[in-house]
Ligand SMILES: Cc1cc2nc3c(=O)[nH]c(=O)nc-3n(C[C@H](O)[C@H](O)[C@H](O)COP(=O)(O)O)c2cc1C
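Here's a solo chain for you in structure tokens, the form predicted on its own.
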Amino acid sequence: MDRNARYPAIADLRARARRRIPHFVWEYLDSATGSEATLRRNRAALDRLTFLPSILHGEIVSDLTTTLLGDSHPLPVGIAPLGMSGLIWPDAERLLATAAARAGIPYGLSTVATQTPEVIGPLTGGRGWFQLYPPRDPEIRADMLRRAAGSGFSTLILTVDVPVASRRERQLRSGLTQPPRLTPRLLAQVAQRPAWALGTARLGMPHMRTLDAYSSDTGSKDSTAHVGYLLRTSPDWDYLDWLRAHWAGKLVVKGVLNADDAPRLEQAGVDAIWVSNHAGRQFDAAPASIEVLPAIRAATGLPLIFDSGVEGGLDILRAIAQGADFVMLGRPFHYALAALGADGPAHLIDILSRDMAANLGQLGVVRPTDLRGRATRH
């Protein structure tokens, strides 16, 4: 099968993924919060960024290699953490970590993943990032850091844009609960998706295994208020200072949209800032991440990581042109996994690489960073 002919774009993987996973799982993966205005705003703002193509520049051989936080990567892309990843496709964390290590790119594991850092860390090839949803209890907090470091994770991500549980209305309508429970309504959906059903039956219903050590089952809740929220807190600047003092590796703060926060984050000793509106999943009146990126770039010399709304290689180039050093993708890698199984992530990486190279050729530049300052907003 020629995958480049059948699935040449993320949109093709997304369409196939929707046909292969149950409806309630699809709503978990694909939904945002509110009326999903922020999700649409991300797309619209990216589309407003254009470049003037170049002519008569001769042959271009692109160079996508990138250095971030002291590590060299073959392209400026990594796999963003996504909670309950194993709900979307059976054994997702293990498959994605293995694919990332093979490709030489970072893989982010969420605190609320369905696998533990002890299982996933050794699979990341030393490029594992652990996303911390901040525990309130200092003993639990210290133990999570110990487990992440001991499992080989080199970078800690503090997520700061989830101070409270969001209301993802599409998830609520779908009937999804946390922890997931297969009600008759959901079983009817599962029966229509045999590949997902067989894989899940083999591995067991997914749950947040990292948190098993800290809590007992707390019963069914709605689709966003899970056991993690009972353990966590809304962090403040003192919390960040504590993390910096107790984590020896690289420290990234994720969920920054205000350029005024950048200098203080720099003073606090963080190693990179992650510009993100959580892909519209938390707050429906947030600006598009790409719109605030230039101001944050102007406010700090720290490396900037970007996500939210990326749907292809051209969007990655747009983000880099606006000041990003690296781009993380969450949903697209899960679309790829659900669409094509274990072969999906490598195919997505190929799509992104080809897309970036083709667009760099149109623009007459070799490296994505050569596009800095060349994008025009219409």
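Numbering starts at 1 and follows the sequence shown. Given the structure is predicted, the values throughout are model-derived calculations rather than measurements.
One more form of this protein should be noted, the form predicted together with the ligand, which is absent from this view; the next part is about it.
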{"query": "One residue of P134, G121, P206, G83 in contact with the ligand, assessed in the predicted complex (non-hydrogen atom, 4.5 angstroms)", "finding": "G83"}
{"query": "T210, T155, T200, S110 - the one with a heavy atom within 4.5 Å of the ligand in the predicted complex", "finding": "S110"}
{"query": "Per-stretch contact check against the ligand in the predicted complex, the hit in 63-71, 331-339, 47-55, 314-322 (non-hydrogen atom, 4.5 angstroms)", "finding": "331-339"}
{"query": "Heavy atom of D307 within 4.5 Å of the ligand in the predicted complex", "finding": "yes"}
{"query": "Contact flag, A262 vs the ligand in the predicted complex, heavy atom cut 4.5 Å", "finding": "no"}
{"query": "Partner proximity in the predicted complex: A279 to the ligand, non-hydrogen atom cutoff 4.5 Å", "finding": "yes"}
{"query": "In the predicted complex, Y28 touching the ligand (heavy atom, 4.5 Å)", "finding": "yes"}
{"query": "Interface residues of 180-194 toward the ligand, as seen in the predicted complex [heavy atoms, 4.5 Å]", "finding": "none"}
